[in-house]
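Only one chain is given next, in structure tokens, and it is the form predicted alone.
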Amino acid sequence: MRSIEGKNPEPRPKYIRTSVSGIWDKPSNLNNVETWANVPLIINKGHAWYTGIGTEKSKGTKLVSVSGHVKNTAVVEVPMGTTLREIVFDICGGIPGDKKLKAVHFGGAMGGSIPENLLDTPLDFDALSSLGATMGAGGMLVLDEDTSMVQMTRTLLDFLSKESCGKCVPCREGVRQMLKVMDRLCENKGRPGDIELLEDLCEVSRKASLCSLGRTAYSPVLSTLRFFREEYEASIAP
């Protein structure tokens, strides 16, 4: 392809941010497609219709991506206020092999784990936040009775350590040090004081990191410590 002057155009850089040039060489940075998808419905049916769905502070519907130890993995759209139990058992069919449900981890890698006895919690921003979980993109990981919550948390931290851009020390080194502690715990070689060390690292990461990744990377650790602390304590070497 040649320009009007008959000269070859300047070579395009190998990597171009989609907010500058994406599809059809036009700016293509669209944030939160799920939110935008609601706009036509609200325009056509009115705000009263939309606000009639959901809870007092969390309106409308939510897409929930259900995976893990569940009979029917799926992406489901449910009204806000639907309980986590309804999603797991009524919509997705429950746990394979008639095993017991141990927990659901909600909100992706930076979300939090919610134990079975709190599964009647409604899908609501404030309700999830009070349990240390986030709504996020609606990721729900279902965990059966055989799951090691320590091992599951270690897997999430491994992912987050690779996601860190490395710019700030609290995130880059904080998550890495948490992962080292988790490695020991997963091998049942935890040391006295490791749990307190994890809590300290979480606090530093939360307060001192520059971006949301570092400021929320502690969430899976603190939520499992809150509800499944006995599993951490059992991983401390005698």
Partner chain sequence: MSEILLQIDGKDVKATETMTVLEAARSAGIHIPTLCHHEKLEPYGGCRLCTVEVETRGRARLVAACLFPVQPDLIVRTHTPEVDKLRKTIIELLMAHAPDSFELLDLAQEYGADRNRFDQESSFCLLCGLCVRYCNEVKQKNAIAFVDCGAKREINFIPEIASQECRDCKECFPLCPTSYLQAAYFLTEALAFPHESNAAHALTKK
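Residue numbers count along the first chain shown, from 1. Everything numeric in this text was worked out from a predicted model, so none of it was measured.
Note that the form predicted together with its partner chain isn't included here; everything after this is about it.
Engineer: Using a 4.5 Å heavy atom cut-off, which residue among K57, K26, K207, H47 comes into contact with its partner chain in the predicted bound form?
Structural biologist: Of the candidates K57, K26, K207, H47, K207 is the one lying within 4.5 Å of its partner chain in the predicted bound form.
Engineer: Select, from the options 208-216, 63-71, 48-56, 32-40, the stretch whose residues sit within 4.5 angstroms of its partner chain in the predicted bound form by heavy atom distance.
Structural biologist: That would be 208-216.
Engineer: Can D183 be called a contact residue for its partner chain in the predicted bound form at 4.5 Å between heavy atoms?
Structural biologist: Outside the cut-off, so no.
Engineer: V75 near its partner chain in the predicted bound form, any heavy atom under 4.5 Å?
Structural biologist: Flag for V75 set to no.
Engineer: Taking its partner chain as it sits in the predicted bound form, is R191 near enough to touch it, meaning that at least one heavy atom pair lies within 4.5 angstroms?
Structural biologist: Taking the distances in the predicted bound form, the answer for R191 is yes, it comes within 4.5 Å of its partner chain.
Engineer: K167: heavy atom within 4.5 Å of its partner chain in the predicted bound form?
Structural biologist: Heavy-atom contact with its partner chain at 4.5 Å: present for K167.
Engineer: Can you tell me which bits of 190-204 touch its partner chain in the predicted bound form, meaning any heavy atom within 4.5 Å?
Structural biologist: Heavy-atom contacts to its partner chain in the predicted bound form: R191, L197, D200, L201, E203, V204.
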